[in-house]
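The chain below stands alone, shown as structure tokens; this is the form predicted alone.
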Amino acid sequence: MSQNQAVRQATPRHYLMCRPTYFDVTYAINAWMDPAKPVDTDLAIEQWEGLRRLYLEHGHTVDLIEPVAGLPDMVFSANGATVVDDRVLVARFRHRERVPEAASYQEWFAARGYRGVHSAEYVNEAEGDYMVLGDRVLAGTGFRTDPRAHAELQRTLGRPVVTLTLVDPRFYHLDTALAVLSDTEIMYYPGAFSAESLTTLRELYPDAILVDEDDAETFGLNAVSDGRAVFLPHTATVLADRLRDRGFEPVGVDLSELLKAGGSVKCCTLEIRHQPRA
């Protein structure tokens, strides 16, 4: 059976999200942010609620972490921690505006009894730069995450880590340039990566979906897959067609207001991967 004919199976997922109660763009820490442009917080909340409903309708569990006043980017929960087999590595943010978010994630996981909740020594922005698939983690660096953090991640979570270097400031996190579709499949925008990293990706994933610049710029790669449904910005229409060709079910989402801060579907979604039960 070819990939195009594969019968896709969804797996129930556990996500952590943060309501954008205090969302705003009051500073610029990436190429997409412009404090001079007005932000509609009510619209951001409405769009975010739409994404949460979609996850619930598709059978996924969604927990919420309480938003904190003065932390407008906390809606981007993917940056808060990386969780594998109930072991948690809490982020250490590069920019001072986001540094206080880490304490909230540390407290959330500790209060719920997760074992091995670790505070990072080196700067890492969690699932913004860490893509878990199968027994491997693809780890980004170049703009946010310190490359030394990759070895720390491997020690803490017990998964081999593959380093990938980002070179285009529009794609400042790995989750803006690459998305995981299944335990063995990815899609990515080649223009976001160094030549060495492209060689690595081609060797590891020769059948990956290669995304064009237009769909990458609409944040089409800031997507979440449950193995069948792929939640992605509704404007990434060419990519949606390519996903259908591979047997996936693209689910378009409008998070245009949150995109003003340089985030979309994946940025709003921290996946909690539990220890397999006997």
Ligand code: ARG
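In case it trips you up, residue 1 is the first one in the sequence shown, and so on. Remember, it's a predicted structure, so these values are computed and weren't measured experimentally.
Keep in mind that the form predicted in complex with arginine (ARG) is not shown, yet the notes after this line are about it.
> Can you check whether Thr176 is within 4.5 Å of arginine (ARG) in the predicted complex, heavy atom basis?
Yes, Thr176 sits close enough to arginine (ARG) in the predicted complex that at least one of its heavy atoms falls within 4.5 Å.
> Check Ile65 for me: does it contact arginine (ARG) in the predicted complex (non-hydrogen atoms, 4.5 angstroms)?
No.
> Report yes if any heavy atom of Ala91 sits within 4.5 Å of a heavy atom of arginine (ARG) in the predicted complex; otherwise report no.
So Ala91 does not count as contacting arginine (ARG).
> Taking heavy atoms only, is Thr235 within 4.5 angstroms of arginine (ARG) in the predicted complex?
Heavy-atom contact with arginine (ARG) at 4.5 Å: absent for Thr235.
> Partner absent here, but in the predicted complex, which of 245-253, 46-54, 207-215, 26-34 has residues with a heavy atom within 4.5 Å of arginine (ARG)?
Looking at the other structure, the answer is 26-34.
> Exactly one of Phe193, Phe109, Tyr172, Tyr188 has a non-hydrogen atom within 4.5 Å of arginine (ARG) in the predicted complex; which residue is it?
Contact residue from the list: Tyr172.
> Please pick, from His150, Arg98, Arg87, Arg159, the one residue with any non-hydrogen atom lying within 4.5 angstroms of arginine (ARG) in the predicted complex.
By the 4.5 Å heavy-atom cutoff, the listed residue in contact is Arg98.
> Given a 4.5 Å distance limit between heavy atoms, list every residue of 55-79 close to arginine (ARG) in the predicted complex, or none if there are none.
The stretch 55-79, when checked against arginine (ARG) in the predicted complex, contributes Asp73, Phe76, Ala78, Asn79 at the 4.5 Å heavy-atom cut-off.
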